[in-house]
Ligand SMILES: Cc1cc2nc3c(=O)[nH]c(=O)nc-3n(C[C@H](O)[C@H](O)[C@H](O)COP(=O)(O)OP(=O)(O)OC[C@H]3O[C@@H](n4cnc5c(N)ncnc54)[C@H](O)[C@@H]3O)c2cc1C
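Just one chain follows, in the form predicted on its own, and it is written as structure tokens.
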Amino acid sequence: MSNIDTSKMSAGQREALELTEAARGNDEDRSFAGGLFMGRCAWDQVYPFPEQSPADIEAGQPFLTELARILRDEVDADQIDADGEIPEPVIQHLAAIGAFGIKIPKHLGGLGLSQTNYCHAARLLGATDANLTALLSAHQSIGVPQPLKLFGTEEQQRKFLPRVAKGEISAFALTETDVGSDPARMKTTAEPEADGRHYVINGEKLWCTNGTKAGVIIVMARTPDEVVNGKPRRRITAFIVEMNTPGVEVVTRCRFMGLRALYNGVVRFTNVRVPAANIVGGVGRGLKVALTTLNTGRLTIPAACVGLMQKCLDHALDWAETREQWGAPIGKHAAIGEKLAQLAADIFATESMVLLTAALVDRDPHADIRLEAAMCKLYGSEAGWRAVDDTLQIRGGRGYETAASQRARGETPVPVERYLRDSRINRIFEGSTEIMHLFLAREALDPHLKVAGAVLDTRLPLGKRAAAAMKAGGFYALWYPSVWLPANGTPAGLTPELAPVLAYARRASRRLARTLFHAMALHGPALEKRQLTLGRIVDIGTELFALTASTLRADALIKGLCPNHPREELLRLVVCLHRRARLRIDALHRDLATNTDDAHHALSRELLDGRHTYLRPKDPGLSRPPFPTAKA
């Protein structure tokens, strides 16, 4: 674990941090996105933009074509929403074309397609129905296929992957009633039997997506503590559990604001006997399995958001071109035109980030994409929500009206209201926006903690801290001046019009590195508590990654002379993204210096302490005048 001072943390905070840190691994190579926080733009990692090869396109095209046909001809998303069920024939047809085993190797019954092709499939699903997206995503991004691909034994893969590739639905059980992102509080246990050949699982899991329809699931449970340096350390272990095992019970199906056909439920385990051979990744490695699986799994949501945003742009443009107000189509009014431009820019940026990150996975299945995937998820889910909200605003009352109501009035139904309900979960699924900020902040701080963490660790003897200070001083004596040096270098061969954009990204990266260092110097160990400060720093890095991915993709498309992407149109997109990124980044830097954080923190503490009761009166009527009255 990196040197983090836990002496002032509660026992629960300390345990949660130690569990998570132990699961992170100790990767020394920094990804491209990680380098941005240190003032480095490692162009060689991402330039030229890793385009999908003709062979990979050819491999995926038959499946994607058939998937698009099924989604177009057989799926009625409004009816699925109304019924709260996905028709069984649709599920069977998707299974027949291999949609449940997109990335499972061919020799194990799957299609063996790339991460890029999988993201293209997610885009098609996102443009059609969020329930189907969730079904297939939870099944193979975080369900049995991905953990077994990464951590499963040959025996486990041979036994389970052909089954799930053919359409046996799988799920992932981590969350509990009192446990979300804090693994130290997990209550589900798995106790080994005397001979060690079986474990007995007891506990209950909440919000298990696909749990009500699954045949096999991955379950995270606490196994007996490990003693390290004389102290017990909690261990989380991943188990493959077949749902027909005695003691497994689906207690209830959960229902939500959107995703009305989501097969999500509460699953209870009562003395469930599971073979030790069903442990994935080894005893105590469950959190590592979960975190690594989620890294790649997080790409599904932004990929699906691209499809959703493309549908939103279609609907928004149709209305903006035909609806007239004050003598002109509403799209020609600046207020509406601004929303259309922002939506177009968000589509290109999100898709560029997803394709770049997917290509990194295809190039190296073990690539460190923690930051890139988290940034894709953070940026894409927020952009998707803005897109739906703006599309609803552009369509006005028709955006708020249900598709069924529009149809009953004789109008062509446009289900923006359903999009709004279904897409809201994207900012929560697989790591909320707030958790993504904390996750990215921890990763951004990691290089500094490795260099200077021991200096701030009050648990260490003074001599060790002094030695660490000397070492850190040597590092920063070289590093800190380097992030002040001019930085305009761009990749050789880049389209000339795009060079100023990447030159700005490199300068902004160095400014970001200085900002992060100054925040560490100012706040010391207390920086980890200043979540709003860290959130702004993370947002700056995410904007830079989005801008870089978009610029590099535009460069590749221009050089490819793709007729669907004229040069002048691509340059216009990048100009918009560049100007927007500069404004957003400048605003975030200003907010770091001048903000309402302390005032809001003080007010929130007073609210939590039971003050300001006048803001939430308990009585149903006005038992007292709302304002003081003058004395007679």
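Note that residue numbering follows the sequence shown and begins at 1. Predicted, not measured: the structure shown is a model, and the values here were computed from it.
There is another form of the same protein, the form predicted together with this ligand; it is not shown, and what comes next is about it.
*Asks:* The chain here is shown without this ligand. Which stretch in 148-156, 540-548, 274-282, 205-213 comes within 4.5 angstroms of it in the predicted complex, by heavy atom distance?
*Replies:* Contact criterion met by 205-213 only.
*Asks:* With a 4.5 Å heavy atom cut-off, would you call T515 a contact of this ligand in the predicted complex?
*Replies:* T515 lies outside the contact set for this ligand.
*Asks:* Considering non-hydrogen atoms and a 4.5 Å limit, does this ligand approach G180 in the predicted complex?
*Replies:* The answer is yes: G180 has a heavy atom within 4.5 Å of this ligand.
*Asks:* Please tell me whether any heavy atom belonging to S432 falls inside 4.5 Å of a heavy atom of this ligand, as the geometry stands in the predicted complex.
*Replies:* Yes, S432 is a contact residue.
*Asks:* Quick one: is V361 in contact with this ligand in the predicted complex, heavy atoms, 4.5 Å cut-off?
*Replies:* Close contact is absent here: in the predicted complex, V361 is far from this ligand, nothing within 4.5 Å, heavy atoms only.
*Asks:* Select from the listed residues Q531, T270, Q406, T245 the one whose heavy atoms reach within 4.5 Å of this ligand in the predicted complex.
*Replies:* Contact residue from the list: Q531.
*Asks:* Which pick from Y476, W484, Y400, F256 sits with a heavy atom within 4.5 Å of this ligand in the predicted complex?
*Replies:* The residue in contact is F256.
*Asks:* Can you tell me which bits of 153-180 touch this ligand in the predicted complex, meaning any heavy atom within 4.5 Å?
*Replies:* Residues within 4.5 Å: F172, A173, L174, T175, G180.
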